[in-house]
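Below sits a lone chain in structure tokens, taken as the form predicted on its own.
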Amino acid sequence: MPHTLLKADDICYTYDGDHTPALDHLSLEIKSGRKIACMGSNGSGKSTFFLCCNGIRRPDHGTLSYKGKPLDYSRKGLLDLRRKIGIVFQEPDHQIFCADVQQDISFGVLNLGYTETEARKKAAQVMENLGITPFAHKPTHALSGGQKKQVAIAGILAMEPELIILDEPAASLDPLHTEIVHRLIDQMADAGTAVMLSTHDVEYAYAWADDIFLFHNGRILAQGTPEEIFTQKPLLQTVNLNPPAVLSLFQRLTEEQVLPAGLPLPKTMDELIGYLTR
């Protein structure tokens, strides 16, 4: 049974010099083993919330708890938290520090107290699992944007967290590397790791996620299953999103009686084509 990993209770955060809160009495719960898509307009609070989850930012008000215990912001407490909650930033250059790929993937593991031999072994295992061993000794500055994203994800996976957070994981990637990153995300979820990500891609979120959180003005405007959220057009308009194309087309085909009423909502275009061919 899924249990609560992370709970935000009435948290607020305002950046220095700003009068508008980035997070405004936000509350939500993240369950173990779930695939969560956080969506909303730019500036709605998603990235700030992610930074609070990992202890990089500390809420001005309210409580963040992990497995029922409020976050400990001491050095030891934050080190322990980041062993359990890993974050992959939108810009991988913000978390790639070392000269070559293997060193960079080992870096976080070494900070957890592992020996250099143990860290290298973990890094090698993760690189093999992700298929990036061929550029293990490549200089990090010579990597493409997509390769840097893979290395950033590998560095987090090497620490074996229980929750992985990805801020716009496919941002600025070409279609090939977007597909690679999505495949890595599926591997994490299939292994039982809770995965929370932000995205503006409604097609991907609708097909992939278990839970959708809609952020708006620093709060949670709505939450629910993809079917519950993406069938509410006025709600989506509030956060500048359109319904997934597969849902719009399915609704039109049903209204025109090309498809019979009562069919389950298709998740993908392949499912919709399956209805039509039958």
Partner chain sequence: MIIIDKLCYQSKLRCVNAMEKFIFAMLTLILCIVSRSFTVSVLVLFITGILTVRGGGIPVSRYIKAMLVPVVFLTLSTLAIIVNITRTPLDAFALPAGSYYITGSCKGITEGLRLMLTALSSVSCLYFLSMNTPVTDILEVLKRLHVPRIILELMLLTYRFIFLMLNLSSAITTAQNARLGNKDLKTSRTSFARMAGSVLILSLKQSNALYDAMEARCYDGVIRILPAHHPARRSEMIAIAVCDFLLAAITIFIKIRR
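This one's a predicted model, so the numbers in the text were calculated from it and none came from an experiment. Residue numbers count along the first chain shown, from 1.
As for the form predicted in complex with the partner chain, it is not shown, yet the points below apply to it.
A.B. asks: Does any part of residue 100 reach within 4.5 Å of the partner chain in the predicted bound form? Heavy atoms only, please.
C.D. replies: Within the cut-off, so yes.
A.B. asks: May I ask you to check whether residue 95 falls inside a 4.5 Å heavy atom distance of the partner chain in the predicted bound form?
C.D. replies: Yes, residue 95 sits close enough to the partner chain in the predicted bound form that at least one of its heavy atoms falls within 4.5 Å.
A.B. asks: Can you tell me whether residue 155 touches the partner chain? I mean in the predicted bound form, with a 4.5 angstroms heavy atom cut-off.
C.D. replies: Yes, residue 155 is a contact residue.
A.B. asks: Would residue 106 count as touching the partner chain in the predicted bound form under a 4.5 Å heavy atom rule?
C.D. replies: Yes, residue 106 is a contact residue.
A.B. asks: Just give me the single entry in 189, 163, 71, 110 that has a non-hydrogen atom within 4.5 angstroms of the partner chain in the predicted bound form.
C.D. replies: By the 4.5 Å criterion, the partner-contacting residue is 110.
A.B. asks: Among 178, 140, 193, 199, which has any heavy atom within 4.5 Å of the partner chain in the predicted bound form?
C.D. replies: Contact residue from the list: 140.
A.B. asks: Within 4.5 angstroms, counting heavy atoms, which one of the listed stretches 110-118, 200-208, 167-175, 181-189 is next to the partner chain in the predicted bound form?
C.D. replies: Going by heavy atoms within 4.5 Å, the stretch is 110-118.
A.B. asks: Under the 4.5 Å heavy atom criterion, name the residues of 55-93 that approach the partner chain in the predicted bound form, in sequence order.
C.D. replies: Contacting residues: 56, 57, 75, 79, 82, 83, 89, 93.
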